[in-house]
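Starting off, we have a lone chain in the form predicted on its own, written out as structure tokens.
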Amino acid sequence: MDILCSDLEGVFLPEIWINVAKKTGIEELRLTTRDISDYDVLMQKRLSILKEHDLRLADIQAVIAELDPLEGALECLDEIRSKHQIIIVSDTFTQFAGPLMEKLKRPTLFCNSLEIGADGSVTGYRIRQKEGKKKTVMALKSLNYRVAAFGDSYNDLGMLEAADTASFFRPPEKLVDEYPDFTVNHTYDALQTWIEGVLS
């Protein structure tokens, strides 16, 4: 039995924080796990920026409401689901992902959640499980699944390294340079060809 595990932002959806940065003009919010590999360091920085600028969950959700899946993403995901099982494993939050999941026809999503104050401010976050991406793959393998995984960033490395076979999808060049053993796909067509090759 084969199963796929995938990242979400940068693979099927645009980076939410980058779009919040564009909308608000706060350049520091452009930082992602492509820039800061330690997720806790990155999130603590984001939380301090939100507090400093009095940005609340509703402000972020207003930006999210205007976003659509990346061009070709839904078609790619539909094609994958017509042949294989896929679980999207993301470091995003339920409060962010909900409306966008509708646009992707509700794929299975494992992610985290935010802590929200009475005034709507983002006060913290709860990780579903430490090293959740890696442990998802390990759990599936313990159920005798053969796992293929793909993602685009540093926070995907645990998932990719734990999988039976893995590929980067549209990663930054420095990640490719640091981890040259992974396959790299830059288009959805190439990704689908890779999937059919490793899961055939």
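Please read these numbers as outputs of a predicted model, since none were measured by experiment. Take the two forms, find the largest set of C-alpha atoms that superpose within 1.5 Å, and that set is the rigid core. Note that residue numbering follows the sequence shown and begins at 1.
This next part talks about the form predicted together with another copy of the chain, which is not shown.
Trainee: Tell me, out of V41, L143, A58, A65, which residue has a non-hydrogen atom within 4.5 angstroms of another copy of the chain in the model of the complex.
Mentor: Flagged contact: L143.
Trainee: To verify the annotation, which of these, R34, R170, K135, R46, has a non-hydrogen atom within 4.5 Å of another copy of the chain in the model of the complex?
Mentor: Selected residue: K135.
Trainee: Does K105 reach another copy of the chain in the model of the complex, with heavy atoms at most 4.5 Å apart?
Mentor: Judged by the heavy-atom cut-off of 4.5 Å, K105 is in contact with another copy of the chain in the model of the complex.
Trainee: Can you work out whether S121 and another copy of the chain are in contact in the model of the complex, taking contact to mean some heavy atom pair no more than 4.5 Å apart?
Mentor: Heavy-atom contact with another copy of the chain at 4.5 Å: absent for S121.
Trainee: Indicate whether another copy of the chain has at least one heavy atom within 4.5 Å of a heavy atom of I86 in the model of the complex.
Mentor: Judged by the heavy-atom cut-off of 4.5 Å, I86 is in contact with another copy of the chain in the model of the complex.
Trainee: Does any part of L199 reach within 4.5 Å of another copy of the chain in the model of the complex? Heavy atoms only, please.
Mentor: Result no; L199 lies far from another copy of the chain in the model of the complex.
Trainee: Where, within 102-118, is there a heavy atom within 4.5 Å of another copy of the chain in the model of the complex? Residue list please.
Mentor: Result: K105, R106, P107, T108, L109, F110, C111, N112, S113.
Trainee: Determine whether the C-alpha of E115 shifts by 2 Å or more between the shown form and the other one once the rigid core is superposed.
Mentor: After core superposition, the C-alpha of E115 moves 2 Å or more between the shown form and the other one.
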